[in-house]
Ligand code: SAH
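Below you will find one chain, with nothing else, as structure tokens; this is the form predicted alone, and questions on how it binds or moves follow later.
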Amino acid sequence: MTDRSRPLLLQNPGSFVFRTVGIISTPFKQKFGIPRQSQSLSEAKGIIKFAHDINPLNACRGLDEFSHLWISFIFHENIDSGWKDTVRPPRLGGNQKVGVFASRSTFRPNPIGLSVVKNLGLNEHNELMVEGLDLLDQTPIIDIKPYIAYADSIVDSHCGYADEPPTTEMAVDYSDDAWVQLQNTNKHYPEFKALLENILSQDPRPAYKKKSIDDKIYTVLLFNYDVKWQVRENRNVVIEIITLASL
């Protein structure tokens, strides 16, 4: 039986095991296309379903007084991929290396992520609803904390190569077929169009692809739809939206 009073178990010096407090459901079914930052660049919503031995009404008591939250999570699909001490951040064009600790790379010595999200409160099932996500569907959540503005927002901070937000926004258009398919998609997910354009306007392609002619057809899996798109004359054009039976 799990001892709830000891959520962190010391296995040996310098090694720990964390428990999962919940699993989050998000529209993102693959890593490609997920906004590279959370609250500032993403319009995606998600729902955290808590572990069976956590009482959300008790654990989240008072949380509704906070507009934003810190969510700690596990990069669960990267665990077996290893890590390197230098990476190539997209903000530097994917060509210049920096240390992994000077980056937001998902491949880290410990696969732990941290995101700020908007708090939408508990729903009728006592699941926590949040907005402004950059998390893969079914990501394990290991902690939730309130965002404290006076302590967490530092006015005179500076951020190296990421001091300014991305400025390039690409227009998003649709083929005739994709536009018809979009109308049906929006019947099931009213937020689908806004979220898709939020993703594609940020040009989720690898950085090195943005400096050359690129006629590749890309795919983004969103909810249970396969969205095919291509760059044409500096616009992202949605070619087709295919309904998937299951993911």
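Start at 1 and count along the sequence shown; that's the residue number. Values in this document were obtained by computation on a predicted structure and should not be read as measured data.
What comes next is about the form predicted together with the ligand, which is not displayed.
Enquirer: Counting heavy atoms only and using a 4.5 Å cut-off, do 195, 198 and 229 all touch the ligand in the model of the complex?
Expert: No: none of 195, 198 and 229 comes within 4.5 Å of the ligand in the model of the complex.
Enquirer: Given that the ligand is left out here, which of 60, 34, 178, 69 has a heavy atom within 4.5 Å of it in the model of the complex?
Expert: The option sitting close enough to the partner is 34.
Enquirer: Of these, 169-177, 145-153, 70-78, 123-131, which stretch puts a heavy atom within 4.5 angstroms of the ligand in the model of the complex?
Expert: Contact criterion met by 70-78 only.
Enquirer: Is the gap between residue 113 and the ligand in the model of the complex 4.5 Å or less for some heavy atom pair?
Expert: Because a heavy atom of residue 113 falls inside 4.5 Å of the ligand in the model of the complex, the answer is yes.
Enquirer: Whether residue 141 contacts the ligand in the model of the complex should be assessed with a 4.5 Å heavy atom distance threshold; does it?
Expert: Output for residue 141 is no: heavy atoms all beyond 4.5 Å of the ligand.
Enquirer: May I ask you to check whether residue 106 falls inside a 4.5 Å heavy atom distance of the ligand in the model of the complex?
Expert: Yes, residue 106 lies within 4.5 Å of the ligand in the model of the complex.
Enquirer: Taking the ligand as it sits in the model of the complex, is residue 87 in contact with it (heavy atom to heavy atom, 4.5 Å or less)?
Expert: Residue 87 lies outside the contact set for the ligand.
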